[in-house]
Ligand SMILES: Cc1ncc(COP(=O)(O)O)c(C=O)c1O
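Taking the form predicted on its own, here's one chain by itself in structure tokens.
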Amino acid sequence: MNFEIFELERNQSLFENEVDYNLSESGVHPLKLSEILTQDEQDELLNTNLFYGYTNGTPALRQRVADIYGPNISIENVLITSGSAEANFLAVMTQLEAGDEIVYMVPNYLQIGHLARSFGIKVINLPIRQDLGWQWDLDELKVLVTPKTKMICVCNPNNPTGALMSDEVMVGVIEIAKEANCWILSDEVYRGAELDGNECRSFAGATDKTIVNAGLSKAYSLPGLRLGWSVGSVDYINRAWSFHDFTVINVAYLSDWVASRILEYDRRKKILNRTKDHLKYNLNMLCDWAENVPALTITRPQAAAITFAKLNIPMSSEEFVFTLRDKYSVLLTAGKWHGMEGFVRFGYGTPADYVKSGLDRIKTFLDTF
């Protein structure tokens, strides 16, 4: 089987540890275990046996995840995965076959799109429209969804724009999916990183054929745990679990142990409030910087540690990113790698001084225009 190259991940993996300033990162600067666990918990962790654990996640952790989505979601609706990336992989593997069609939101983190095409699935891209506030046009969606459509794939909050899907569009997507009797796959890994502090509406439980994937890598500042989850019907979760037996079997026991504690309500809210405060401060700095940079137009995002900046210069997104990387040692991601040319993605979730120093170098580069 020939897999497409995941251009975004490949370019990040090769250079994110080689540049002076990595502003390609889409999450918030990672927390330390000492910042989120009490001393007693740290001591307990050091004396914990390294079991395999529950292959679908401990009951304690699955209950914590279920609690995030309200009373209609139980632990039977939750599977713990190795990051949201595995959750996305399982959704494609379990529900789609070669020859199926999916409607796919772009721009996006293109993992699902690359995977689907690699498996012989027809991917029909539907752009969210900047002139609509980075929303889908529901009339366009209705045209693209046909009896051949097996899945509608969204990312909300969106990567790379940081936009939130409006209630009107969300209701429309659900109605269209119901009418077509197709799956909704919602990547919600950035939920919890809303800049106003109010978690956006989730697709969880919207239909019997809805899958919501998320994790701790972005809003929760804990990418090193590689801890994600999938929320869906009991039938879907059991099917995904059976495929999970062939991937990682179970997540790292220590990751499950830590996650089950930090997702307790008060501690979870404390982490997300930290995320909000940090992102608001850095975003204000980024937007102030951009006022004096006519080569770029930055739209203020509603969530996440990223923004999609429009290039106002005659240069492709890859050429821009490669030149900035090679001559100024700053890494961004190209709009092409997100499915939309003419833009670059800025990550602003790292420490403020680090972001400012990276922006200073970008300004030096842009002054050449």
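This one's a predicted model, so the numbers in the text were calculated from it and none came from an experiment. In case it trips you up, residue 1 is the first one in the sequence shown, and so on.
As for the form predicted in complex with the ligand, it is not shown, yet the points below apply to it.
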| query | finding |
| --- | --- |
| 4.5 angstroms heavy atom contact with the ligand in the predicted complex for residue 134 | no |
| Residue 183 within 4.5 Å of the ligand in the predicted complex, heavy atoms | no |
| Contact label in the predicted complex: residue 109 to the ligand, heavy atom within 4.5 Å | yes |
| The ligand contact at residue 85 in the predicted complex, heavy atom, 4.5 Å | yes |
| Of 161, 217, 275, 210, the one that lies within 4.5 Å of the ligand in the predicted complex (heavy atoms) | 217 |
| One residue of 26, 307, 317, 56 in contact with the ligand, assessed in the predicted complex (non-hydrogen atom, 4.5 angstroms) | 26 |
| 187, 190 and 226 all contacting the ligand in the predicted complex, non-hydrogen atom within 4.5 Å | yes |
| The ligand in the predicted complex: contacting segment from 152 to 160, 89 to 97, 242 to 250, 119 to 127, heavy atom within 4.5 Å | 152 to 160 |
| Sequence-ordered residues of 234 to 249 touching the ligand in the predicted complex, heavy atom within 4.5 Å | none |
